[in-house]
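Let's start with one chain on its own, the form predicted alone, as structure tokens.
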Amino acid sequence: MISQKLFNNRIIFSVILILLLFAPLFLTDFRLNLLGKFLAFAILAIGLDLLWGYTGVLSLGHGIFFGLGAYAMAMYLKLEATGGQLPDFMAWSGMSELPLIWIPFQYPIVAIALGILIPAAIAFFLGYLTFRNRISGVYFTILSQALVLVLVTLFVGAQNLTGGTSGLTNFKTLFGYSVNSPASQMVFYFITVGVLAIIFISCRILVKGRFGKVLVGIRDGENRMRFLGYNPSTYKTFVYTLSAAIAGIAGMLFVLQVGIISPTMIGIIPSIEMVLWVALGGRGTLIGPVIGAVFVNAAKTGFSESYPEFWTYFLGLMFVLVVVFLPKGITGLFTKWKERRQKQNDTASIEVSKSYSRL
């Protein structure tokens, strides 16, 4: 029998999915492109919620996994745009031939696969070493943040390989089709919606089974789960790896719709913002981070357009209000409403029972 909570979550997700599918009928090409970018962020937020909301592992370094996926796709797009020639920034750096590290990214399928596998491999390596040695809590959070600092510094310093602070841009085609045409952007949008739905449903199935119960047990009492015979480090390493792979997918979809990736988009500040999406939407719900990512970025865009000089103050005020009055995030509103409604129904039932007893 389907629980009431699960039933309500399915209704919310179904309504959101329908709205997203019909969004092109009501939005301009510019707004639709923005929404597609927000949905790429929402995909990343689902993976981060799987790690933080369900497993209790706070990572402030997910921006780097997002960036690795984005750079993998950008490298392929850049090579296709050059038509077999060296990218412009490499020529400016005095290079005469394509670096070995760029050669696999000439092939789209390989680039897509590496955009998932490279973040997953780095996360697996880091997770295996840290979780096996029982490094967790604030120590792991600091370590994940240090990873961002190191890799972003490498990206900025390797001007001849990554484009430095300017990053990679000026993409033209994908599989021979213009990436900037309205038709292509429409296709990218629907692909992003489809990937979002697949990842959400897959993660929902994952957390609703026994595996999800183990994750929640690790979050709420890791030592107790270890006493019961489970190995928390194995579960945390797997979820960290899966979350990084999802972030890589989000990064690839982001590049297709935005057309640029640079180190400033994957540093510490973006990584902290990603955690805020999950927190404001409601961690441990999966649907909450989706709402949070879209809501926060839409508010960010709206405030910056309407109040270009003061938009950061409005955004900060919104964060404070949500944290103070909605500690469980935006989805906490639905929970409170359901609890209040249930309480009213219970009260009404008690009154009816008392009335019958008097008769």
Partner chain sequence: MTEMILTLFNGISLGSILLLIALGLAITFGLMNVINMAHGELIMVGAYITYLVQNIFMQYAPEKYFDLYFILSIPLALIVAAGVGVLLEVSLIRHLYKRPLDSLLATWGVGLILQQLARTIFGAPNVGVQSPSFLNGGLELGSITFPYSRIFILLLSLICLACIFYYFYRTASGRRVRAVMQNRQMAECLGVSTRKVDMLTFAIGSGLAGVAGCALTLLGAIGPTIGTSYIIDAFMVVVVGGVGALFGAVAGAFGIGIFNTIFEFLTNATLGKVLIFILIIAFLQWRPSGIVINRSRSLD
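Note that the structure is predicted; figures quoted are calculated from it, not measured. Positions refer to the first chain, counted from 1.
The same protein has a further form, the form predicted together with its partner chain, not shown here; the description that follows concerns it.
Colleague: Mind checking whether each of Val138, Ile269 and Val323 has a heavy atom within 4.5 Å of its partner chain in the model of the complex?
Modeller: Every residue of the candidate spot has a heavy atom within 4.5 Å of its partner chain in the model of the complex.
Colleague: Pick the stretch from 139 to 147, 113 to 121, 197 to 205, 100 to 108 whose residues have a heavy atom within 4.5 Å of its partner chain in the model of the complex.
Modeller: Heavy atoms within 4.5 Å of its partner chain in the model of the complex occur in 139 to 147.
Colleague: Is there a heavy atom of Lys236 lying 4.5 Å or less from a heavy atom of its partner chain in the model of the complex?
Modeller: No, Lys236 sits far enough from its partner chain in the model of the complex that none of its heavy atoms falls within 4.5 Å.
Colleague: Would you classify Phe227 as touching its partner chain in the model of the complex, given a 4.5 Å non-hydrogen atom cut-off?
Modeller: Output for Phe227 is yes: heavy atoms within 4.5 Å of its partner chain.
Colleague: Does its partner chain get within 4.5 angstroms of any non-hydrogen atom of Glu222 in the model of the complex?
Modeller: The answer is yes: Glu222 has a heavy atom within 4.5 Å of its partner chain.
Colleague: Are any of the heavy atoms in Thr153 no more than 4.5 Å from a heavy atom of its partner chain in the model of the complex?
Modeller: Yes.
Colleague: Could you pull out the residues of 312 to 330 that have any heavy atom within 4.5 Å of its partner chain in the model of the complex?
Modeller: Those in contact are Thr312, Tyr313, Leu315, Gly316, Leu317, Phe319, Val320, Val323, Val324, Pro327.
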